[in-house]
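Only one chain is given next, in structure tokens, and it is the form predicted alone.
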Amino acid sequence: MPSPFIVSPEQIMQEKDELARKGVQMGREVVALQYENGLVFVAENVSATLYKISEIYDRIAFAGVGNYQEYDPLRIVGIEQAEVKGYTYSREDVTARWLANLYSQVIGNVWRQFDMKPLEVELLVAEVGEPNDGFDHRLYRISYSGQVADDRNFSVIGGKSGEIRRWLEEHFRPNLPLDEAIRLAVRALESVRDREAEGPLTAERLEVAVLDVTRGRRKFRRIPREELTERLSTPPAPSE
């Protein structure tokens, strides 16, 4: 009788880590950073209909990189769960921290199952604060293993997120006007690109959205590419 084929748990988790990491690295990065009226999200995305950045609830946005067929269903689950919680309790009970923990549990449960393929995704859940809480904006990264990280001022997901975060640590300034914040995020994305081979990031290759605290109950707004072209071409205001 042949002996059974045995694989150690350590080897299984190592192979799952390599598979999930490669899936995330294939996706283009998403940058989110604080600007004077909230949070702005910038991603390289040539598609006009398949979004990386989406609205989840009144003050909450979602972004994903990696396998689109795996992170888009998570977006839908987040919307459904947020609607149920907001209707059952109150809209104020739907927070980015609650949603990030929910995603962490879902992704982590898949990660811990030895007989299941890991989710090749990395998620970002963001929330803008209201005046009565001091505009305390929240940024949460959820890894392919379900780990949650709490960021301040800016956050990046994707294969080269570490390099972009280090670049932003040197160049980020708080309370930037929206146009300058968008340009800063684009420069951050371009810092890890081969400009000669891939060319510059123009409006046609970008997806941009904001959580704007000056809007009504629903803070999310997607910036059309026509408007984005104008914002990218606007020269920065002279410094005083």
Partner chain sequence: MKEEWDRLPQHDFLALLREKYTHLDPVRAFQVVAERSERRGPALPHGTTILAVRFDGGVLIGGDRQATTYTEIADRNIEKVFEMDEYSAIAIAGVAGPAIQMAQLLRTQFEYYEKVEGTPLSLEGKANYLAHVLRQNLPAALQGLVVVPIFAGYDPRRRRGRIFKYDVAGGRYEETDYYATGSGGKDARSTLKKRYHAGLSEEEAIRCAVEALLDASDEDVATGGFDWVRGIFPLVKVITQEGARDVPEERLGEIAEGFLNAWRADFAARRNATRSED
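Every value quoted in this text rests on a predicted model; they were computed, and no experiment measured them. Residue numbers count along the first chain shown, from 1.
We do not show the form predicted together with the partner chain, though everything after this point is about it.
Participant: Of D212, E190, D58, E70, which one comes within 4.5 Å of the partner chain in the predicted complex, counting heavy atoms only?
Facilitator: Contact check passes for E70.
Participant: Just to be sure I understand the contacts: of E83, E92, D150, E163, which is the one whose heavy atoms reach within 4.5 angstroms of the partner chain in the predicted complex?
Facilitator: Exactly one residue meets the criterion: E92.
Participant: So in the predicted complex, is the partner chain close enough to I142 to count as touching (4.5 Å, heavy atoms)?
Facilitator: Taking the distances in the predicted complex, the answer for I142 is no, it never comes within 4.5 Å of the partner chain.
Participant: Verify the contact flag for A96: yes if a non-hydrogen atom of it lies within 4.5 Å of a non-hydrogen atom of the partner chain in the predicted complex, no if not.
Facilitator: No, A96 sits far enough from the partner chain in the predicted complex that none of its heavy atoms falls within 4.5 Å.
Participant: Test of understanding: in the predicted complex, would L168 fall inside 4.5 Å of the partner chain by heavy atoms?
Facilitator: It does not: once the partner chain is placed as it appears in the predicted complex, L168 has no heavy atom within 4.5 Å of it.
Participant: Considering only heavy atoms, tell me if Y103 and the partner chain come within 4.5 Å of each other in the predicted complex.
Facilitator: Yes, Y103 is a contact residue.
Participant: Residue by residue through 100 to 123, which ones have a non-hydrogen atom no more than 4.5 angstroms from the partner chain in the predicted complex?
Facilitator: Stretch hits, in order: L102, Y103, Q105, V106, N109, V110, Q113, M116, L119.
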